[in-house]
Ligand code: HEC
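The chain below stands alone and is given as structure tokens, in the form predicted alone.
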């Protein structure tokens, strides 16, 4: 009976689904999401974020917001509503040089990352 319980416990431990959270690499100003942990369908979105968002701030700010659920500068919640608001804000900034399609892709990626961080 004891062997059965041990075996049952091992099966239960190995049968649980593993969560593939989005990892990060680097430290401080070089902190960013690990590209290998971004799904293939979101790679293009991540490329946009890496190219456009770093014009004004490091990706560290984005990583911290996603990981903590709090925007580091304003202290406001960083959720789907916030990602949309930031997208609109960036679209309105004349020096962001972001198209509507790029903003939409960035917001989709941020929403995915926020969801992953909450798991």
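Everything numeric here is computed off the predicted structure, so don't read it as measured data. Residue numbers count along the first chain shown, from 1.
Separately, the form predicted in complex with the named molecule exists; it is not shown, and the next lines address it.
The candidate spot formed by 73, 78 and 93 is fully in contact with the named molecule in the predicted complex: every one of the three has a heavy atom within 4.5 Å. With a 4.5 Å cutoff on heavy atoms, residue 56 counts as touching the named molecule in the predicted complex. Of the heavy atoms in residue 86, some are within 4.5 Å of the named molecule in the predicted complex.
The closest non-hydrogen atom of residue 61 lies within 4.5 Å of the named molecule in the predicted complex.
When contacts are judged by a 4.5 Å heavy atom cut-off, residue 45 does not count as touching the named molecule in the predicted complex. Contacts between 100 to 118 and the named molecule, taken as any heavy atom within 4.5 Å in the predicted complex, involve 106, 110.
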